[in-house]
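Just one chain follows, in the form predicted on its own, and it is written as structure tokens.
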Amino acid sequence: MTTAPFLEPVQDGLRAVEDLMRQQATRHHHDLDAALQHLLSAGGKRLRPALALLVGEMLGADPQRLTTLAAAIELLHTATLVHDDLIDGSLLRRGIPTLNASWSPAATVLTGDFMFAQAARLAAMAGSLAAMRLFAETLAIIVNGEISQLFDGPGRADREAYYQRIYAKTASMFVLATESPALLSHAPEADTLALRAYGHDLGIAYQIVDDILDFTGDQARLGKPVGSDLRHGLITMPTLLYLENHPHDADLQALLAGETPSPEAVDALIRRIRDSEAIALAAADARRLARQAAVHLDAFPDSPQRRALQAVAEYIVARDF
């Protein structure tokens, strides 16, 4: 991802972000430092700090404060993944062992907590009370979404509930990455709202594509079984669209009723969803949202950064289905 042409304007900034993140545990317990280096070595798209850098540079933000803010955002994202992997019992992420694959739950939780603390410290160092407030609000939204899913289950099988859940899970971090640099730059309110809307629509589109890939991707690349969300009773956009067109599917109705169909029945249901029109319909919804996201950028003058942000929206929905 870091070699993608549309990220060329922020390559130096991304390297600075990476260096700053790696410094966050050097004066603490050596196992914390080892854990942080392990997590960062897994790579990843670094999409959220890239968005923050692109927006901030487009608006003329102070480079040092912008780098600090972008590092805080990515460290927050990484911390959420540490806890997510533990909650989900995931042993691999991006093809390498997760922290909880070799550490106890207690050590994994504490490491995630440390990373949350360091992320908050960096966010405060960026020097914007408004951005810091949004940072705290975003963390609360993410945790509330996880708690709701944990205690309430997958929830209603409708689009409104789905959009609310994936906003908390994914899009809220995209909003943080696109709105907080505007707050840091003291951008006009109209520009800040436009960038918030861009991040919201981009994040929703991103998660819809991820949910499509859960059905259509290769298990080796996914690092988890195909249809993993449905196997855990989680209703995503492809399943919702399949339900709208096939409301009498007995296996799906059993899942929605809280029953546990046999593994063979679930395998067959996943194949039916994957081979149905639901995948194409979900992809169309993601493309609609990506186009909508790009329109929010029309309020800004032409620049390499604006063109890169528009290209990110195109990239989001161009991933292999």
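Position 1 is the first residue in the sequence shown; the rest follow in order. It should be emphasised that the depicted structure is a prediction, and the values quoted were computed from it without experimental measurement.
Here the subject shifts to the form predicted together with a further copy of the same chain, a form of this protein not shown in this document.
Item to complete: Counting non-hydrogen atoms within 4.5 angstroms of a further copy of the same chain in the predicted bound form, say which of Thr78, Thr170, Ser128, Asn100 makes the cut.
Response: If I apply the 4.5 Å criterion carefully, the residue I get is Ser128.
Worksheet item: Between the options Ala294, Leu32, Leu39, Leu252, which residue brings a heavy atom to within 4.5 Å of a further copy of the same chain in the predicted bound form?
Response: It is Leu32 that has a heavy atom within 4.5 Å of the partner.
Worksheet item: Looking at a further copy of the same chain in the predicted bound form, is some heavy atom of each of Phe215, Leu256 and Ser276 within 4.5 Å of it?
Response: No residue of the spot touches a further copy of the same chain in the predicted bound form.
Worksheet entry | Non-hydrogen atom contact Gln118 with a further copy of the same chain in the predicted bound form at 4.5 angstroms | Gln118 belongs to the contact set for a further copy of the same chain.
Worksheet item: Met132 near a further copy of the same chain in the predicted bound form, any heavy atom under 4.5 Å?
Response: Although a further copy of the same chain is absent here, Met132 would touch it in the predicted bound form, with heavy atoms inside 4.5 Å.
Discussion item. I'd like to know whether Ser148 contacts a further copy of the same chain in the predicted bound form, with contact meaning heavy atoms within 4.5 angstroms.
Written reply: It does: once a further copy of the same chain is placed as it appears in the predicted bound form, Ser148 has a heavy atom within 4.5 Å of it.
Practice prompt. Look up in the predicted bound form whether Ala136 has a non-hydrogen atom within 4.5 angstroms of a further copy of the same chain, and give yes or no.
Written response: Because a heavy atom of Ala136 falls inside 4.5 Å of a further copy of the same chain in the predicted bound form, the answer is yes.
Fill in: Segment that reaches a further copy of the same chain in the predicted bound form - one of 191-199, 157-165, 235-243, 120-128, heavy atoms within 4.5 Å
It is 120-128 that comes within 4.5 Å of the partner.
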